[in-house]
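A single chain comes next, written as structure tokens; it is the form predicted on its own.
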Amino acid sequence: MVLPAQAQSVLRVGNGAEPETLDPHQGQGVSAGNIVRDLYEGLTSQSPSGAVAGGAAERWEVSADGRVYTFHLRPGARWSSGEAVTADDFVAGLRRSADPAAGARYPEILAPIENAEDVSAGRLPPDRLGAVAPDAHTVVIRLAQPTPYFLQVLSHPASFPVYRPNLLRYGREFARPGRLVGNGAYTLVEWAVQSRIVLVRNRNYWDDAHTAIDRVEYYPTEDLASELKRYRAGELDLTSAIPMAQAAWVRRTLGAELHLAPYLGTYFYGFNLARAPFAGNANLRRALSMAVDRELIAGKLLQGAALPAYGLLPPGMPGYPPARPDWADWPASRRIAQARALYAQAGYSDQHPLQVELRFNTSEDNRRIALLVAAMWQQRLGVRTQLVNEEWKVFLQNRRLRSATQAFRVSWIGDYADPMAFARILRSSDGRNDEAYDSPAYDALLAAASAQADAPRRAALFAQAEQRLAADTPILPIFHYLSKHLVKPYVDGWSDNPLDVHYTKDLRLRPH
């Protein structure tokens, strides 16, 4: 029963772009993930600090060789319908997430599981995935090789269970109000597109007694300046971020409410290697990369609310420092001279300038960054850039098609604190590889790293993989993220963490 709004403890959250879906196996954006983690729960979860914690599984054992994980479900685990969550529900979710026929967006994260890659490639049926339910309360997962970060994977939406009766009844339309049955702390009651998404407490959740917030309202916006205005007007209790152009003002005016923290995320431009002008032209890609002043973007344009990036992997990865090519420390004059030489070698000049299309999804910050990068390319190389701004869903669709893009904006947020969380998105077989990067050498290095249990040797393999990326330049790294949230003083329980994952069930609202 839903309580009257005035009697509830209501959290109002700014949530960035409109979610593309609330199907845990179909979503790919951060805004969708924020909501899905309230609606569902994996075998594992994350503590407020970001550490692995128990989720629907109260305990687990790992075999001596690190390849077999046995999970024991909590006796009180229930769907929002009141029915018991079973081990078969988790196995069904994993199989659906790996099944190419189901159209899941993120099967690659399950790659450590035995046969997962063959299932996702259609070479084996889903029931050959290395996950079984010997009884209603036990899930056994076999891995292809030991994987240090595997417990983190099981807190990701791609591993979440599925309520099979509604999947069978509604198909892919099950993730809607009145149809979505989840096992998380909240349940979906309203979704007004481009307006708000409303969740209320799932009274059948196993730990509902420790949940304090009755109702959470997620408000989508692609305009961070408008989100900031709503926060200042008292219409939001949390923001998804802050507008970079106002970072200094926010620090001065709302500093006590600003949470600025290290975040495992990288903002970069992808080059479409499947079509002109970037196919087969590494010199051109390197020239464009060397012509960009990351320090100017991160320090001045973004007002210190980001860190300059020269590689894909962000700082803060345990046991792995971020990459930095030699030219990153060159004087600007030397760097620009080398960029011009590479540009000429690629076949371009003042008389024959590169004409390129740069796409980005709707956001004032994305527009400002693209304008500055285009200006750097024009002033230093003579490049003529056409900027194309697209709504989020259209933008993602065009990126995946590859036939519609040349250079495009990408951001990637790590799903777990391990180099593989970033490195794998440029594997030739990865569904997130919108760049069409295909390097057998790079793929082989990642395969070797996956099979390597020794931490220093594994780190060395990832370092070689980053060197390969630097040589091939399928991407142009621009900056590494800092998480940037405004949080009202009366919100208790907020804890900054490198993955920037925050469950509403861990928060409290004091009277205000």
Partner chain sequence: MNGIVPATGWAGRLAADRAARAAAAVLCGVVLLVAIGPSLSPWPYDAVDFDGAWGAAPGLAGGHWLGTDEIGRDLFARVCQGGRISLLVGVAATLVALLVGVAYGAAAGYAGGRVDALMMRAVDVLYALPFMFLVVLLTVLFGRHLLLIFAAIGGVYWLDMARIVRGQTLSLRRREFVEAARVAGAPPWRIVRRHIVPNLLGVVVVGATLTMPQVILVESFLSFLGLGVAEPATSWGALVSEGAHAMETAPWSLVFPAALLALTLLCLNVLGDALRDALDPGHAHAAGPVRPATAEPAAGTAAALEPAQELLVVQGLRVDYPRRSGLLQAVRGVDLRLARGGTLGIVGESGCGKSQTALALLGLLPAGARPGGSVRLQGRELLGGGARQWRGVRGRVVGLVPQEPMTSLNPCRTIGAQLDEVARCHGLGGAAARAESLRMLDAVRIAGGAARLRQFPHELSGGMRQRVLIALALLPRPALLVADEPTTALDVTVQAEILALLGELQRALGMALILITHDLEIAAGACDRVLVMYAGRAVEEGAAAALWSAPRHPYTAGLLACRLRAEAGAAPLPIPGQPPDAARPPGGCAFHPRCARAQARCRDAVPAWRDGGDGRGIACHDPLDGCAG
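Positions refer to the first chain, counted from 1. Superpose the two forms; the largest set of C-alphas matching within 1.5 Å is the rigid core. In this text the structure is predicted, and so the values were computed from the model without any measurement.
A second form of this protein, the form predicted together with its partner chain, is not displayed here; the remarks below concern that form.
Proximity to its partner chain in the model of the complex holds for none of L446, D454 and Q467, with the criterion being a heavy atom within 4.5 Å.
The partner is absent here, but in the model of the complex a heavy atom of T362, alone among Q338, T362, S428, Q145, sits within 4.5 Å of its partner chain.
This chain is displayed alone, yet in the model of the complex one of L307, M376, A133, A404 has a heavy atom within 4.5 Å of its partner chain; that residue is M376. Contact check for E83: every heavy atom lies farther than 4.5 Å from its partner chain in the model of the complex. W330 falls outside the set of residues with a heavy atom inside 4.5 Å of its partner chain in the model of the complex.
Contact annotation: H210 falls outside 4.5 Å of its partner chain in the model of the complex, judged by heavy atom distances. In the model of the complex, no heavy atom of Q345 sits within 4.5 Å of its partner chain.
Exactly one of the stretches 364 to 372, 136 to 144, 71 to 79, 198 to 206 approaches its partner chain in the model of the complex with heavy atoms within 4.5 Å, and it is 364 to 372. With contact defined as any non-hydrogen atom lying within 4.5 angstroms of its partner chain in the model of the complex, the contacting residues in 272 to 311 are L296, K300, L301, given in sequence order. A movement of the C-alpha atom of T138 falling short of 2 angstroms is seen between this form and the one not shown when the two forms are aligned on their rigid core.
The two forms, fitted on the rigid core, differ between this form and the one not shown by less than 2 Å at the CA of N204.
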